[in-house]
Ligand code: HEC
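One chain is shown next in structure tokens, namely the form predicted on its own.
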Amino acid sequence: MNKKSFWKFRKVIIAFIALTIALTFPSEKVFGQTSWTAPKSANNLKNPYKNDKASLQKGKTLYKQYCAICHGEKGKGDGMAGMSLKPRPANLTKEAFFKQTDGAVFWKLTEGKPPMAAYKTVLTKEQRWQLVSYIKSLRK
């Protein structure tokens, strides 16, 4: 299997897993996000890679690999796999998302909440912070 085929296969597998989770844990809302608040202690977590251009680029690569399939290329919650999820993936360009601290976003990436996957065992701490940096840059 060549590298291009591998990445396409990986995206299909991620989409399948996300859809399976969504069907297993249905939400009371069909469209849009339900309320999801990180614990207050998450607000104390500080992003060690904030404003680091190299980390931002790494975060962009990670976003394309893990997040774009559901949240869309530009973070608007319109990714291919996200269309079938209930609730739909968050629009990462909205004001409500940007009011969250980096620590809260990091906590959500780490812990997940179906249909959002938990990445604590998939991505390193550094990679999760790099993702936070990139996701927070989507609004610019």
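What you see is a predicted model, and the numbers here were worked out from it, not measured in a lab. Start at 1 and count along the sequence shown; that's the residue number.
There is another form of this protein, the form predicted together with this ligand, and it is not shown here; the text below is about that form.
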I'd like to know if residue 76 sits close to this ligand in the predicted complex, meaning any non-hydrogen atom pair within 4.5 angstroms. no
Taking any heavy atom pair closer than or equal to 4.5 Å as contact, tell me whether residue 113 reaches this ligand in the predicted complex. yes
This ligand contact at residue 100 in the predicted complex, heavy atom, 4.5 Å: yes
With the partner left out here, which residues of 74 to 88 have a non-hydrogen atom within 4.5 Å of this ligand in the predicted complex? 85, 87, 88
